[in-house]
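Take a look at this single chain, the form predicted on its own, given in C-alpha cells.
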C-alpha cells in the first residue's frame, strides 16, 4: 500500500496539475496550430503539459520517498513571506529606484530567506544580478527601463 509521506510535495504537485488544467481550460478557444505554424494557444498548452508532467513527477516522488523515514522540515514562514512579497515590492520600487537598486534589494532580501545563504554570497549574488539585469535589459534588449530612478538623483537621469 502506498503511503503519502511528504504531504507538502504531494499537495504541491496536485496544485501544479490543477493550475495547468485551469490554463488549458482557459485557452481552449485559442488556435493551437502545429509545431511548424504555432497558433496563439500553442505555447500555453505546451507549457501546461510540461507543468502537468512535473506535477506528476513530484507527486510520484512524494509517494516513493515514503520508504525513507525522515521527519518533515518545519515551515520556513520567513521564506514564504519574503518570496511572495519580493515581486510586489519589485513592481512598486522599479519606477522610483530604477532597475539596478531594485534588483539588488530584492535579491538581497530574498536570499535572506534561505537558511544556507550567507551574507557575503547574498551580496555577491545581488551585485551580479543587478549588473547583469542592467546590461541585459537596458543595453542588449534596449527595453525602456532606466538603471537608476529618480529617487537616486546622483546616478539617475
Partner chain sequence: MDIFSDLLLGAATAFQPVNLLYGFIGCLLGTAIGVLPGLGPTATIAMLLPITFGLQPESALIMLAGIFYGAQYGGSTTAILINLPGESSSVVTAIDGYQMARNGRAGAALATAALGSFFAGTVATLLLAVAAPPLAAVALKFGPAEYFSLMILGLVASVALASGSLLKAFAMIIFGLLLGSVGTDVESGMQRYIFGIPELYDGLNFVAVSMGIFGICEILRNLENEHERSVGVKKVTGLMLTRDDFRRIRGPVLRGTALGSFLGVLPGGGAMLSSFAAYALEKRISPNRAEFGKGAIEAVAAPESANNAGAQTSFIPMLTLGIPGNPVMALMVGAMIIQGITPGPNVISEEPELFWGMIVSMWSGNLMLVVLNLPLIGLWVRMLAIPYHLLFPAIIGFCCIGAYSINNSAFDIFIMAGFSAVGFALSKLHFEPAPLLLGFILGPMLEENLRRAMLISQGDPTIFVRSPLSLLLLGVAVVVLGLVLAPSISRKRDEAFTE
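All of these numbers come straight from a predicted model, not from anything done at the bench. Residue numbers count along the first chain shown, from 1. The term rigid core refers to the maximal set of C-alpha atoms that superpose within 1.5 Å between the two forms.
One more form of this protein, predicted together with the partner chain, exists but is not displayed; see below.
Exercise. Evaluate residue 143 for contact with the partner chain in the predicted bound form, applying a 4.5 angstroms cut-off between non-hydrogen atoms, and reply yes or no.
Key: Answer yes; at least one heavy atom of residue 143 falls within 4.5 Å of the partner chain in the predicted bound form.
Quiz item: Is residue 50 a contact residue for the partner chain in the predicted bound form, using a 4.5 Å heavy atom cut-off?
Solution: Yes.
Practice problem: Examine residue 97 and determine whether its closest non-hydrogen atom to the partner chain in the predicted bound form is within 4.5 angstroms. | Solution: Contact check for residue 97: no, nothing within 4.5 Å of the partner chain in the predicted bound form.
Quiz item: Should residue 33 be classed as touching the partner chain in the predicted bound form when contacts are defined as heavy atoms within 4.5 Å?
Solution: Judged by the heavy-atom cut-off of 4.5 Å, residue 33 is well away from the partner chain in the predicted bound form.
Quiz item: Considering the partner chain in the predicted bound form, which of 63, 105, 113, 131 comes within 4.5 Å of it through any heavy atom?
Solution: The residue from 63, 105, 113, 131 that makes the contact is 113.
Quiz prompt | Sequence-ordered list of residues in 36-51 near the partner chain in the predicted bound form, where near means a heavy atom within 4.5 Å | solution = The stretch touches the partner through 36, 37, 38, 39, 40, 43, 44, 47, 48, 50, 51.
Self-check item: Core-superposed C-alpha of residue 145 shifting 2 Å or more between this form and the one not shown
Solution: Comparing the forms between this form and the one not shown, which are aligned on their rigid core, residue 145 does not shift its C-alpha by 2 Å or more.
Self-check item: Large Cα move at residue 108 between this form and the one not shown, threshold 2 Å, rigid core
Solution: Result for residue 108: no, shift under 2 Å.
Quiz item: Using the core for the fit, does the CA position of residue 15 change by 2 Å or more between this form and the one not shown?
Solution: Yes; that C-alpha moves by at least 2 Å between this form and the one not shown.
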